[in-house]
Ligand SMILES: Nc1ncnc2c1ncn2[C@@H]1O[C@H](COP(=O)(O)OP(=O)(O)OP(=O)(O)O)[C@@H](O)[C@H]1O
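The chain that follows stands alone, in the form predicted alone, written as structure tokens.
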Amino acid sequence: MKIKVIIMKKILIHPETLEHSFTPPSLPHREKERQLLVKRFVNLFESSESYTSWVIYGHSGVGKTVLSWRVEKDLREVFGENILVAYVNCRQSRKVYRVLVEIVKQIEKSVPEKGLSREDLMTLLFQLTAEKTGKLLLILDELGVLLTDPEAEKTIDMLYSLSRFSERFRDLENRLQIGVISIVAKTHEYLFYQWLDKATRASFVKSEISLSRYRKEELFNILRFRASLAFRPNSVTDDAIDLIASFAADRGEGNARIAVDILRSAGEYANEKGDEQLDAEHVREILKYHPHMSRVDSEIFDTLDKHKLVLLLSIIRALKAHGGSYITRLQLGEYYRVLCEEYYEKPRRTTQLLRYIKELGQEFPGVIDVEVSGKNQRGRSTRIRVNVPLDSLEDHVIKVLGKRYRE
């Protein structure tokens, strides 16, 4: 007897491209900033200038770190081995001394981790860079954290020394160029300027970029691009991407890192099931465990009257039938009328129905999202999303209706 072996094709084929440490080949909605930074640093290293710096501000997940990594790769492509790059996460290092040790060891591994003063480390940093290539790109991630430390004055001294090295080491002035990218979380922006004295601020901070939170449309484009790198072609539906983008924009405050994490988890879930396509229902399965997701409180169902329960059931049925990330009020109409007839309810007029839909969104925050597209324009529509698995929610609504309204 022959045994037929079925091999399931994985749709998530390059999961590493969804890791936080991955630097994509392009940065949707950050290309303008990327090109500006690369141009300015190339100008520095091809000129007779000795120093420049950029401070990048922004909330979590707006692309600050990946922008700096992309600029690093671009500069390596331009200068090859003729440029040194040192990246350090100040939040992980915590102390100025540890930050300096990490920077210097990335330039020269043989440097001991103990026994040197901060002054010694700064001197080694300048001398080793001048001896090796003369060009250094220094990336200080989460720099603002060092200013929350009781030893913040040491941080200020380090920044001042970096920006004014040519005055102290005159012999290195023509042999050393330093470019700095400082990444500062929006929550530390005020603190950053509060702590820096005028002299340090004037010499260390040459230019600034503030990155705004991603909007839903931008997250959609980012996710579609990252999906093209990670998944088999045409295996991720736009509905799945739309649901993730909406959730990350609304519940994740525009954090692209959250969005990419959900995309990866949904892809892994689809792989485990052996499905050939990632759709909105895979995403809903992942969202129900997400820390930003509001839980479905069963007590809320006790506060809903019969008509709202019927309306909620019709939303679920319409979503299941259409298979997308959302339905419009017009798409809902057919299922709403059928269920009203089944449960002996009188269908409400459009104005009343829209009010009920909006109230459901308020009563189930994070679980049901109601969005008006084309606001203040003709032809606008109401979009309704459900962020939890439809089958389990449907079962619960039917049970409540059955218990409370037995005919």
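Since this is a predicted model, take the numbers as computed values, not measurements. A residue's number is simply how far along the shown sequence it sits, counting from 1.
Below, we turn to the form predicted in complex with the ligand, even though it does not appear here.
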Inset, instruction - Find the only residue in Y326, Y214, F247, Y336 having a heavy atom within 4.5 Å of the ligand in the predicted complex. - result: Y214
Legend entry - Heavy atom within 4.5 Å of the ligand in the predicted complex - the one residue of E285, E142, D74, D239 that qualifies: E142
Inset, instruction - Mind telling me which stretch in 302 to 310, 125 to 133, 74 to 82, 257 to 265 gets its heavy atoms within 4.5 Å of the ligand in the predicted complex? - result: 257 to 265
Legend entry - the ligand in the predicted complex: contacted by all of P365, N387 and H396, heavy atom 4.5 Å: no
Inset, instruction - Tell me, yes or no, whether G63 is in contact with the ligand in the predicted complex, where a contact means a heavy atom of each within 4.5 Å. - result: yes
Inset, instruction - Please check if R30 has a heavy atom lying within 4.5 Å of any heavy atom of the ligand in the predicted complex. - result: yes
Inset, instruction - Mark R348 yes when one of its heavy atoms lies within 4.5 Å of a heavy atom of the ligand in the predicted complex, and no otherwise. - result: no
Legend entry - Exercise: R40 in contact with the ligand in the predicted complex, heavy atom 4.5 Å: no
Inset, instruction - Go through 225 to 244 residue by residue and record those having a heavy atom within 4.5 Å of the ligand in the predicted complex; state none if no residue qualifies. - result: R226
